[in-house]
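Presented as structure tokens, the chain that follows is alone, the form predicted alone.
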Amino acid sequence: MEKPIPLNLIQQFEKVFIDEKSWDSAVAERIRTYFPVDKIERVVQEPFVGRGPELSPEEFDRSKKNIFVTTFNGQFFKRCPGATQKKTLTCCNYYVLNLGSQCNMNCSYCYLQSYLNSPVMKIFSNIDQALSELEEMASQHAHLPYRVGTGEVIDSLSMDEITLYSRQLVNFFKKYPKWSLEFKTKSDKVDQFLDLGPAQNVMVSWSINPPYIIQSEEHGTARFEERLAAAEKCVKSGFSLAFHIDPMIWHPEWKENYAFLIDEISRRFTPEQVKVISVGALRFQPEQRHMMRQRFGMKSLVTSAEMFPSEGGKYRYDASLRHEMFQFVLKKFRDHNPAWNLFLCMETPETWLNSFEQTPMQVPGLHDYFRPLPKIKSENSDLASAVKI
């Protein structure tokens, strides 16, 4: 029996606008079944038109409270943006499948603050097209280790109790065991697909920080214990895991707090259950700092951080501090068990060599992540109309 949309999720939103082209889609029918009638409006264009080219802080806040169900007319399946910055970043051959945009959670450091210019949260109703694109690639390259994630511009699972897209994706990837699917989330929303397990090539991953950082910077997200409890459910149902300690955020007690995080992961899970752990440090585009300060003030650990321009134009911590943080995490995990499989996310080749003393291709267990794969067809995506590429 299909699970209803939880009331607490429905209450997060002021309005759901449904494009008339999506009115009879499965996700729209599900919304019309469970949302109050006065929260639903049928429209012929994107709501809140007539705004300027950039979202104000108030408009960005509003975009988290209003949903627009519409079709996506571009290419769903594409490379991670890191692949376009190979001169300054080491790319792990990740591919993304965007089934919506914007997030109903509210992290102070969220890069969507400098990335999105859409005034509403979008749910794309034409998932069948996305699955067709995957099918086309799988028909040619089912034997290669493609890694696909759904959490680039929307949390993979925080809205999944509305869409149930996870169920269709799990069933698709079970047909192609060489491929892997990653749901990346800061929620604990996993119950809606656990009955489809086991599926070892479906990886449920958590962006994770110590409780202190979750409390101070990751507003509206699942708590530390809730995330790990959800991960334990996934293991029991036959799914694999990943954790992303990203972004690491410096604060006076950072060593004690990140040590606690690493101890808890190592106590509750084994390297066999967790396919990979990625590590990254706080970073953001220059234009994001003003938005963050307006939305979160100067008491945030993010807005008050000492940051410096770096490769690719982003602001980052000083290279020596990043090295110290990465070395600390690497050593702490390896003290527990040398088999933990770690890599750096969105970092330079120089940082890799300084922190790991190896390139990614020389690190055991990472070869399939970083070796070149055949390119997908050229992208002609209109996501740029909703996202600043």
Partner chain sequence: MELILLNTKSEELILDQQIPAEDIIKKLKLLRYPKTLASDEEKKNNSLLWPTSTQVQAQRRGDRWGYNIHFFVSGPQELTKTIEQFQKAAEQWKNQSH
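Positions refer to the first chain, counted from 1. Bear in mind the structure is a predicted one, so any value in this text is a computation, not a measurement.
We do not show the form predicted in complex with the partner chain, though everything after this point is about it.
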Is K299 close to the partner chain in the model of the complex, meaning a heavy atom pair under 4.5 Å apart or at it? yes
Review point. Given that the partner is absent here, does A305 sit within 4.5 Å of the partner chain in the model of the complex, heavy atoms only?
Key: yes
### Query
Is there a non-hydrogen atom of L330 within 4.5 angstroms of a non-hydrogen atom of the partner chain in the model of the complex?
no
| task | Although the partner chain is absent from this view, report whether K184 comes within 4.5 Å of it in the model of the complex, heavy atoms only. | result | no
Within 4.5 Å of the partner chain in the model of the complex, heavy atom basis, the matching stretch of 133-141, 170-178, 308-316, 187-195 is 308-316
If we test each of S320, T33, N337, Q45 for a heavy atom within 4.5 Å of the partner chain in the model of the complex, the one that passes is S320
The partner chain in the model of the complex has a heavy atom of only one listed residue within 4.5 Å, and of F269, W250, Y111, F260 that residue is W250
